[in-house]
Each structure stands twice: as C-alpha cells, then as structure tokens.
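Next up: just one chain, as structure tokens, the form predicted alone.
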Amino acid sequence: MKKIISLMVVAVLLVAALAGCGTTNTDTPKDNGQVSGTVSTDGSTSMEKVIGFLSEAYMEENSAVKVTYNPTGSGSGIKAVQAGSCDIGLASRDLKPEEATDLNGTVVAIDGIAMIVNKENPVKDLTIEQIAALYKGEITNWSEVGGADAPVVLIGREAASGTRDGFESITDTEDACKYNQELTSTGDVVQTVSSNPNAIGYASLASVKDTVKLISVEGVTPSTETIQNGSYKIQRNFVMVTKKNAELSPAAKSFFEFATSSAADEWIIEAGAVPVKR
C-alpha cells in the first residue's frame, strides 16, 4: 500500500512539473524580447501624417509598444519636451538658438511643397515674392507675371491643412490669402488645377501627378534632390525634438532610431514628405 501511495505522489508531482513547464513557455519571452511601453509624442499638427505612418509601421513590428500623438503645435511640443511631459516633441521648423541650448533637433523628413498650374499655362517660373503677391490678391492677372491675359484663380487647402500651414508660413501669407477655392484634399487641388487653365495651387511634391505642370521657384524645379539639398525654397524641416543630456526610455529610443533610419523612408514618402539625404 505504501508503495502504491508513493507512486501516486510521484505521478502528481510529475504532472505539476509538466504543467509548470507549460506555463513558463507561454509567458516568456514576451513579444520575442522586444521593448515594451508607451512613447508619447507632442507637437506639430503638420506632422500628423508623417508621425501617423511612422507610428503604425513601427507598432506593426513592435506590438508591445504604443506610440501616441498629441497635436498641440510646434511651440507646445517643444515646451512639452522641456517640461518632461512627453518623450519626443514634433516641430515643423528648426529649433531657435535659445531652444537649442537644452534640446536636440533631429530632422526626420522634409516638407517639400510644389507650385502647380494647368498644363496650358505658359508661366514656367515664379519668385516667392510673386507667389505671395498672387495669393494675397495683389497680382490678379496672369499677364503681370508673363502669362496670358486671364484672371488668376487661386486654389488652396482648408484652414486645418498642414500643407496650407507650411505654404503660408514659408511665403509669409498667413491670414492674407484670397482663395477662390479651399479644398479638403491634395487630390482635389491637383484635379481642380488640371481642369482650369487659369488656376494655380500647391501640393506636397509626392502627390503631384502629370496632369498638371510644376512651376520652378526662382529658377529651381522641385524634386527630391533639390529639396534635399535646400536649393528649392518652398520647404521646411519636420523635426523630432529631444532633451539634451537625458536618456530616452528603451521604447522611445527604439522608435526614435527607427524614425530617423533609412527603414522609415518608404513611410515618409507614403505620407507625402521627402526623406532626408543619408
């Protein structure tokens, strides 16, 4: 009897051991050893599409990390980093000298904004001053800039558009544009310009189709090369802002390294921006 009881005890212990082994295998390593946690980003509303594409691509490969985005504006994002209330700030401009004393600004992408006209329009080149005068309603006829004797039709984006924000800040036309039409998508801008011989519009370079004509600005045609080397002037940097002399969390560091690597280029292009030259 004692022998039977002993064998039963051994059997029970063996089953328990096997069950314990099974539990260990399902719990470790979680997500194959990937980092985990939350990465908080805060700042530029113009960077919404870029940070959205980058976050989704990163989280698809790093399921234990959640990247959040708070669209508060560039200035607020920079202050959030300084205050330590977010991991990474987002700015659609370079840091000012006083901000750069305690912060690092890393360019993650470039917002290249192309000027487009109808294919029938003979105008090939404009200065930034001429573009500003056109959009402020100071130049109202194409003949004033070397075109046909025809009224200028100004096409732009809606007030909440990041592309509009970029265009107006670069051309110094904030709150001064006299739009004939304000459209809700880049596709609509391209389509409208392609169907109106007197129209002019702006769009992210990656979204421009061959149904319209690109205008050079001060002799430089927009392209990936001219945007990356800075010779095309209607552009601005998209910047990730971090605190100097402060360690990012493992998750934030991992996301930052992905976003600033060549692996992110395809997603930056998909978002309508231009990757930095590497």
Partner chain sequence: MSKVKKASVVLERAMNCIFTVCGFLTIAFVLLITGFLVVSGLPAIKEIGIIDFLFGTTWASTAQTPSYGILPFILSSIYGTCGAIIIGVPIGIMCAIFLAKMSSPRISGVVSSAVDLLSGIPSVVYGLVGMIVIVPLVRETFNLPDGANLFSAIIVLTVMILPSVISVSETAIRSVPREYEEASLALGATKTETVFKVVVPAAKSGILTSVVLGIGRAIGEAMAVMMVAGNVANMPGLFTSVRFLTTAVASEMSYSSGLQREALFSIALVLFVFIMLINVVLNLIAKKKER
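Values in this document were obtained by computation on a predicted structure and should not be read as measured data. Positions refer to the first chain, counted from 1.
Absent from the display: the form predicted in complex with its partner chain. The rest refers to it.
Inset, instruction - Can you work out whether its partner chain is within 4.5 angstroms of a heavy atom in all three of 158, 182 and 197 in the predicted complex? - result: Yes.
Inset, instruction - May I ask you to state whether residue 45 is within 4.5 Å of its partner chain in the predicted complex, using heavy atom distances? - result: It does: once its partner chain is placed as it appears in the predicted complex, residue 45 has a heavy atom within 4.5 Å of it.
Legend entry - Contact of residue 75 with its partner chain in the predicted complex (heavy atom, 4.5 Å): No, residue 75 stays farther than 4.5 Å from its partner chain in the predicted complex.
Legend entry - Distance check, residue 208 to its partner chain in the predicted complex, heavy atom within 4.5 Å: Residue 208: no contact with its partner chain in the predicted complex.
Legend entry - its partner chain contact in the predicted complex: residue 204, any heavy atom under 4.5 Å: No, residue 204 stays farther than 4.5 Å from its partner chain in the predicted complex.
Legend entry - Among 128-136, 88-96, 145-153, 107-115, the region lying within 4.5 Å of its partner chain in the predicted complex by heavy atom distance: One stretch meets the cut-off, namely 145-153.
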